[in-house]
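Below sits a lone chain in structure tokens, taken as the form predicted alone.
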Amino acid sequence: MTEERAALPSWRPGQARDEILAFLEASGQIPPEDRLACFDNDGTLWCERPRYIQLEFLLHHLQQRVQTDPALGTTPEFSAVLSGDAAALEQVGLPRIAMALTGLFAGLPADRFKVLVREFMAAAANPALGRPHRSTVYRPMLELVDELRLRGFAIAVVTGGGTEFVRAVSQELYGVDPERVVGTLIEYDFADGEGGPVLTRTNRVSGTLNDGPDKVSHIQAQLGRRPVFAAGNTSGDREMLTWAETADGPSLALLVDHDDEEREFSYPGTGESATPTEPITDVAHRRGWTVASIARDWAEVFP
């Protein structure tokens, strides 16, 4: 006889694991065409501290560019970033800084940007954890993705980060096809070049930052159906979790609570683009969401 496979081996016994297993068991009642699970990325599927991985990528290329063009580092946006001066960063503002960093890749062919992301991810490491960024994905969440996929769920990554940045690695890290990544979109320019058509990046954002209520509208616009499962970790995921939780039939909203300073980091789940009216953990308990405490519920954090 073969031993029965244990589900979610990196999850400790407890309420969170029990609630997830109960949802997985009940998911057979959900019509196959409605089995959609949406996962936030930063802080939900991979580590987002001490800085976002995409920000590390942008800073890496900014530093390279400044070496060959020192004047670039004197612009207010880049000077604030390179100095790390909190007051200067606040004065310039995150939107201006984000657009300036995005502009570093304006005019770059779409395929070339993907190559740069993969090269960075193959070599860069988390400075605080001393682990390659590629190995700071959360093992318990990968196990959950696998369990959902075994039950016929389509898996989507819904990120506030750049769509193309996450698409470059989503298949390798999560087994998620690029077309199932919903993020902040950059516009492209199409032109007829001497060697054929050319598609290049711009510094223009298409639509809005993919955070808060916009996550819900972008899921509908890009995926065309409502999730019955959603996982996130900040107030920027509140609307997506609420939308999934209130779907007809079995549904589950999962909040990852970063409360393990020894193995990862401990910090409140506040979003970048909105001021929460109450802590997201309070929202979770009030609405009856499943809360996964990293300290309590995860036997292992990283692969």
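Each residue number is its position in the shown sequence, starting from 1. This structure is a prediction, so every number in the text was calculated from the model and none was measured.
Missing here is the form predicted together with a further copy of the same chain; even so, the following discussion is about that form.
A heavy atom within 4.5 Å of a further copy of the same chain in the model of the complex is found for exactly one of 185, 82, 72, 116: 185. The partner is absent here, but in the model of the complex a heavy atom of 197, alone among 197, 132, 107, 95, sits within 4.5 Å of a further copy of the same chain. Stretch 219 to 227 is the contacting one of 219 to 227, 72 to 80, 136 to 144, 96 to 104, since its residues have non-hydrogen atoms within 4.5 Å of a further copy of the same chain in the model of the complex. No residue of the trio 160, 237 and 298 has any heavy atom within 4.5 Å of a further copy of the same chain in the model of the complex.
Contact annotation for residue 33: at least one heavy atom lies within 4.5 Å of a further copy of the same chain in the model of the complex. Contact between residue 246 and a further copy of the same chain in the model of the complex is found at the 4.5 Å heavy atom cutoff. Heavy atoms of residue 180 reach within 4.5 Å of a further copy of the same chain in the model of the complex, making it an interface residue.
Contact check for residue 211: every heavy atom lies farther than 4.5 Å from a further copy of the same chain in the model of the complex. Contacts to a further copy of the same chain in the model of the complex (heavy atom within 4.5 Å) from stretch 150 to 164: 154, 164.
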